[in-house]
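In what follows, one protein chain appears twice in different forms, each by itself as C-alpha cells: structure 1 and structure 2.
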Structure 1
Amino acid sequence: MKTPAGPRRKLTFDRVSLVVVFLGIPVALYLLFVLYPFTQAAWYSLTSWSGFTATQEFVGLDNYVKLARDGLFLEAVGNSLVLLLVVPALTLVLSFALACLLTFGGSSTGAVRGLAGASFYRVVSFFPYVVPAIVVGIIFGRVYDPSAGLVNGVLTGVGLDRFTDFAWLGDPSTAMAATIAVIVWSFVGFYMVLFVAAIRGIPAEVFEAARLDGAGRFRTAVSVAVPGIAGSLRTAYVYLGIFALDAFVFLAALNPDGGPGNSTLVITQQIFTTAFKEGRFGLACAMGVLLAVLTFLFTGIVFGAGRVLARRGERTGPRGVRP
C-alpha cells in the first residue's frame, strides 16, 4: 500500500538561512581548516620535500619505510604509547576517586553528601588547569631541580639523604615518571569537577537505595557512579588519550631534548625536530600521518569498547543495587 506523501516544506528564508549558517559555514570551515591540511600533509608525506622548495619530488612510500627502520622514531612511538596508557588511566582514577569523596564520601548517616568543605576543594583543585602548560612545565622544572628543587628539599628534610642532588628529570629511570606526575597534576582538578557534575546528575534516590542495601562507598562508586557517568568517563578518556599522544608543551618544557637516553622523547618532539631543525618536511609529515592514524585507532577502540559495555550494562543493569 502506497504511503501518502506528507506536505512539502517550503524553502523559506528562515529555513535556508538556518541551513547556511549552522550547516554550510561549519562544513566549509571544516573542509578548509581540517580536511584540506590533512590531505596536504598526506601528500607531502609521499615526497622528499625539504619545506623550502616550490616543488616536491614524489618518493612514494619511502618515508614510511624509513620510519619503520628508524630506531629513534620507534623509541618515540613507544614513549607516546606509555603516555597514552598511563596518563588517562592515572588521571581518571584519581579524578573519579576525588569526585566520589566530594559527592557521597561524607557521613554515613543522614542524607547522602560529600566531605565537609567540598566547595572549597573543588575551587582549589581547579587552579592547576587554568595555569598555561608551558608555565607548569617551567615551574616543575624548578621543583625538580637537583640542587635547589622543592622535591629534593622535602625528601632530604625528612631524612632521605640519597636525594640531596638527585636529578629526577636527568635520570632515565625517573624522567618519564616525573613528567607523567606533572601532566596528571595539571588535569586531575579539571576532570574531578567534571565528574562531580556528572555524579550529581544521578538521582539521589539511587544512592539512598544503595545505602539501604548496605553498599559501602567503594561499592557505591563502582556499581552506581561508574555506570551513571559512563559517557563522561569515555569522553574524558578520549580527550586525555589524544592529549597524551601530543603532550608536546609539557615535554618541550621539561625535557626539550627528549630526556636522558631519549627516555621521554615522543612523536610530536620528533616531528618538530625532523621538520624545523633538520628540514625534512616530507618525513615529518609521514610521522604526522602515522600519529593521526594512531589517534583515530585509539578513539575508535575507546568508543567501540564503550558501546559494547553500554549494551551489556543495559542488559544486566547496575550490579547488586536495586533501582
Structure 2
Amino acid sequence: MKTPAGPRRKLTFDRVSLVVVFLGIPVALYLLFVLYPFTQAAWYSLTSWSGFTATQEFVGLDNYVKLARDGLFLEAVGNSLVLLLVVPALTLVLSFALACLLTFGGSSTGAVRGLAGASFYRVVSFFPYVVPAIVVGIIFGRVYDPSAGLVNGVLTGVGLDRFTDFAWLGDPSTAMAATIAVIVWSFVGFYMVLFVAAIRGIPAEVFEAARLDGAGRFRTAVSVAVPGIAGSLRTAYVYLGIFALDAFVFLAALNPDGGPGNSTLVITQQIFTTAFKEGRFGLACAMGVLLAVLTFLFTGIVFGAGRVLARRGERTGPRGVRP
C-alpha cells in the first residue's frame, strides 16, 4: 500500500495521538453536542413537530410568522431585553466598586491598599455565588413572602405599615425589580473577586503615581482601574449578558408562571412551556433559534463596541490623555 509522501515531518504515533486527543475528540464532541443539535433545532423550527413522534411535518417559516404575531412571546422578548440591559450593568458597577474598595480604597497614607479586613469581605461577598441558583431562588421566594417574609417583616417592623402583606413578586410594578435584585445579589461576589484579581494585575506603581498626582479614589477607579481591566470588564459583560438572556433558574424559582401580568416572563420560560407543557416542539425550537440569534447579536455588539473604543483610545493616546 502506497501513501503519498508528505512534505512535512513523519507522522509518528506521538504526533497522531496528540492530534486525536487534543484536537480530534474536542472537535468531535463539539460537532456532536453543539453543532449537530443546533442544526437539528433549526430544522425542527421549520416543522410542526409535537416532540413525541418519530416524524416531523415541514411547515416552512410558519412558526416564525406565528411568533411575530404572538403577543405573549413578544412580551417575553421585551422582558429578556430588560434583563439584558439591567443585570450586567448593575452587577458590573456594584462588583467593580467593591473590588476598588478592596484593592485601593483603604488608608490614603502609606502603601496603596484596600480596606482593613479586605480578605474577610472578599470571602463574605463570594458566598452567595457558592449557593446554587435554584436554592437562591427558593430562599428569596421566602424572603419576599408577603406575610411571613423577611423583607416585609423588617419594613413593617420599622413602622412602614403599608408593606403589610405587600406582594413584592406578585405586583407588576415590583416583580421584575425584586427578581433583578436577587440575580445581582448572587453574582456580585463572583465578579468582585474576578475584578480584584484583574486590578491586582495592574502595577502598583501606577496607583502610587496616580495618588502622587493628586487623584482621589474615584478618579483612580475611573482613570486607572477601568482602562487597566477593560478586557476583564468586557468578558464579564458578555458572560452576564448571556446569562441574563437565559436566567431560567431564578425566574422559574421565583415566579414559575411568568409573574404578575407576565411582567417577569422570559424567552426561556416560554420555550419550556411551549415545548413540554403544550407539546409544540417546533414552535419552541423557533423561539430557541431567535434566542440564539439575539445572543450572537449581543456578543457581536459588545465586542464590536470594545474594538471601536480601543481604536479611539489608540488615537487619543493612553487612558484618554491627549498626547
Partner chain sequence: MSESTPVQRRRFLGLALAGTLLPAATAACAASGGGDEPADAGPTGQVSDDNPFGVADGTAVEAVIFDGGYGTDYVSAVAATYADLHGGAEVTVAPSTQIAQELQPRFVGGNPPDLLDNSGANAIGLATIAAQLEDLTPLTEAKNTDGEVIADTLYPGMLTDGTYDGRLVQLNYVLTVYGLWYSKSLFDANGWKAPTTWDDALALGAAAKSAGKYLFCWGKEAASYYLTLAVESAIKEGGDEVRVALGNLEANAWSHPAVQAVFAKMAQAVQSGYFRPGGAGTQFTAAQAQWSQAQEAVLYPSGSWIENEMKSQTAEGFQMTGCPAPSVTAGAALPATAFHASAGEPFVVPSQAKNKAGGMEVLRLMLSKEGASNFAETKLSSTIVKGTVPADAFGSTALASQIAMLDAAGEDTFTFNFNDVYGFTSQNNVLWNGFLSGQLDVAGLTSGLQQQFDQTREDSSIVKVQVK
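All of these numbers come straight from a predicted model, not from anything done at the bench. Throughout, rigid core stands for the largest set of C-alpha atoms superposing within 1.5 Å between the two forms. The first residue in the sequence of structure 1 is number 1, and each one after it adds one.
Structure 1, rather than structure 2, originates from the form predicted on its own. Once the rigid core is used as the reference frame, the Cα position of Ile301 differs between structure 1 and structure 2 by less than 2 Å. Core-based superposition between structure 1 and structure 2 puts the Cα shift at Val16 at 2.5 Å.
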